[in-house]
Structures are given as structure tokens and as C-alpha cells.
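We begin with a single chain expressed as C-alpha cells, specifically the form predicted alone.
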Amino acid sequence: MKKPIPKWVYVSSGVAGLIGLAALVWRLIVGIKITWLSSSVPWGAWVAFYIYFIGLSAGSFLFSTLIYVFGQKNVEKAGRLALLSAVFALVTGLAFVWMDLGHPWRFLNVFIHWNYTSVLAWESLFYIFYIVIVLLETWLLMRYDLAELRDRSTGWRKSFYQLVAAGTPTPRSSEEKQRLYRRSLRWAAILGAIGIPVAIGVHGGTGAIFAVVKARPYWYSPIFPIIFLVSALVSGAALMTFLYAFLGDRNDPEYKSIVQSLATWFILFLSIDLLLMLAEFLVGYYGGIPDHIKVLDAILFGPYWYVFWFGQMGLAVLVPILIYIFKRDSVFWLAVAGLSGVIGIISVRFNLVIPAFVTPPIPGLEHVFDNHPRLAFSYFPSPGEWVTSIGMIAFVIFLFTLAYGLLPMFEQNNEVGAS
């Protein structure tokens, strides 16, 4: 049975979302000058949030493939939640990168003036294929429940379910429904298998956008796309742990074991990510490349040291691991671990973007333009960036809660197994 979302979530996310939309309109009117970006630091909070949400989407989708492609039935009840999260996280990420463009309405140029040698051009194609696959897979898993809701509803809800059911006939019996749903599961497995390389292209391609920038030694590494992918799996598993602990049916006898299984996947991916991070720092320092070491020093001891030590190491690593070790039997604490991971990964994304820019490529260059803030090698998000970012996130959370309330998230999963 689907747990209703508290009204305060609707109200708070709706109000904050309206503020965010107003800030977005303000940004479209006055332009990029509402930010504190500069010629030296052209990418800031919006790009960090862009790669964060793209990773959250890819991670959620890849997590769903563990269920529908690789047969992890013990967490099947979180499958639809993972796909729905993937859709909304992708929309949020694309909204952030669109907002970051100097001329947002020129995004179509990537398709009109196609450049097959551009990583960004191929990445844009992957986005299109990816969202089609995720939406189609979500619809296949929900369509017979949507048809039943269409027949039981009245008024605007009936019209809504008629639209999203897209002519799906209502099963005449529970046996027929089970047979049809198993067929949908087979199609979902096929789409999920096709979607694996596409999802890898979506977030691995995002990492490749950074990895091919030769002028930034910190990014210029073949391991960067791999780091992006593993970090995406961490954030996706963390999100599923939190969401299912928060929204799952507490009366379900499998509820606690599902949350524990989700948390186990989260810690597994987190351990791999931690290993890659240690390798990145050890190789970077041992290699002795001055430009690379400067960026690593900026991350660990620079003006944003607290982002790494409190955000990345604290919230994203230590809190989840300690909770998993000492409070694994508590669903509440596992939910806290998942939420801590989801928030902490934001620090990882900021550390990927900002330190590489605030470190001058030529020693002493930061002193040449001391009198002009738009040329400075320093950055902190402006109030306008914070308002638009928080508001945009709140608005998407509001839309997610509406979709969660309307769509059948768990009903069929409780009736039919994946076999």
C-alpha cells in the first residue's frame, strides 16, 4: 500500500518552487549577471547541480536495471520508484544546464548545427534516447494499473488516467493481469538492457565533457568518466534507500529487509567510489605534476576545505558507513544514511567543478586582475544562484510528489513477482 506524502512536503516544496520559478524568470530577463561567475570561473553552482542531477538520474536508472535486467527480486518493490526518480532527476539536471547557458534559447543549435566530433553533441543525443527509454519502461510497468485506475476514477483523474494509459485495455481477471504484467516485465528487461549503455553514455559522457579539457590537468584523465559513473551509482542507491524508507509500506513484512538491501547496495557502491577517490589523490600527489597538485591542495586545504571534509568525507562517506555498521537494524537510521549520502554527493560535484577553476593555470596570474571582480580566480554562488537552485530543486520535488500521488508506484509489485 502506498504511503501518502505529508501535506507539509507539498506546501513547503510548492511555495519554494514558486519562488524558484520567479527567480528563473528574473535570470531570463537580466541574464547571467545574476551570478558571481567570472571569465576565470565560467562554471559554478548551476553546472555542479547539473552533473549532480544527471548522475542521480543515471544512478537511479542503473539501479532499476539490477531489478528488471539482473533479477534482484529482493528490492523489486523499489523499481518503479527508481524509474520515476530517474525521470525527474534528469529533467532537473537539464534545467540547470539550460539555465547556465548565456543564451538559453540557443540550445537547439547543438542539433541544428550538428558536429559529430563534439562530445556534447553526442551527449545530447544520449539524453533523448535515455529519456525515451526511461519513460517507455515506466509506462510498460504501470500501464495495466493505470487502466484499472482509469476505470475506477471520475472527473479530472479519469481524464488523466485515460491520457497516460494510452488505450491500454483493462485485464478481465487477476490471472490475465499477472500474465500481461509478466510480459511487460520481459519488455522492461529488454529496454533496461538497451538503456544500460545509454545511461552509461549519459553520465559517462558528462564525465567525458570534463575529461577532454586539456587545459585542466585535474580533469584530463581517462578515469574521470568512470568516477562519474560510480558516483552516480552511489547517489542513486542512496536516494532509493531514503525514498523507500520514507515512502514504503511499513506494514509490509518485507519492508525492513528491502531497506536493508538497498542500504547494502549503497554502501557497496560507496566503498568502490571511496577506493577510486583514494587512488585519484594518491596518484595525483605521487605524480608530482604541479598544476594537478595545486587543485588537490585547493580541495583539501583551500578556501573550500569544508566542502571536502564536512560534505564529501563527512556526509557522503563517514555518516553512512558508521550508521550502516552500528545502526543497520534501524530503518530510521538507514533513511538518515541515505539522505546524508544524497546531500553529501552534492559536495563531490562542487569539488569536481570549482577547484579546477579557482586554481590559476599560470603562477601569479591571480594577481594580474586584482581590481576586476569579473576576472578574479575566486568564486562563491551569488544569492541569485542559491535562490534559483534551491527553488528549482523544490519545484521538481513538488512535481515528483504530485506524480507519486497519482501514479501506481507499488500496487502491481505487491501482487506479482518478477518470475
Partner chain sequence: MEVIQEKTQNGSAASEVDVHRREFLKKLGSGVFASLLMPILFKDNFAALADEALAQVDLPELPEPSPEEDPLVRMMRDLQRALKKPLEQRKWTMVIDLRKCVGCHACTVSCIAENKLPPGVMYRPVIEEEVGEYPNVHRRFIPRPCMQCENPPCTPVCPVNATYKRPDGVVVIDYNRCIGCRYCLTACPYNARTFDWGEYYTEDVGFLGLQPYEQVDTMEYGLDWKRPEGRSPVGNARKCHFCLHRIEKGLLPMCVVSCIGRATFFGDANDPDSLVSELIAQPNVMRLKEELGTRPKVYYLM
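Numbering follows the first chain given and starts at 1. Model, not experiment: these values are computed from the prediction.
The protein also exists as the form predicted in complex with the partner chain; that form is not presented, and the subsequent description refers to it.
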| query | finding |
| --- | --- |
| Residue (of S153, T264, S118, Q162) lying close to the partner chain in the model of the complex, criterion heavy atoms within 4.5 Å | S118 |
| Any non-hydrogen atom of P169 within 4.5 angstroms of the partner chain in the model of the complex | no |
| Distance check, L101 to the partner chain in the model of the complex, heavy atom within 4.5 Å | yes |
| W26: touches the partner chain in the model of the complex, heavy atom cutoff 4.5 angstroms | no |
| Partner contact for I390 in the model of the complex: the partner chain, 4.5 angstroms, heavy atom | no |
| Per-stretch contact check against the partner chain in the model of the complex, the hit in 225-233, 270-278, 331-339, 208-216 (non-hydrogen atom, 4.5 angstroms) | 208-216 |
| Residues of 16-38 having any heavy atom within 4.5 Å of the partner chain in the model of the complex, listed in sequence order | I29, I32, K33, T35, L37, S38 |
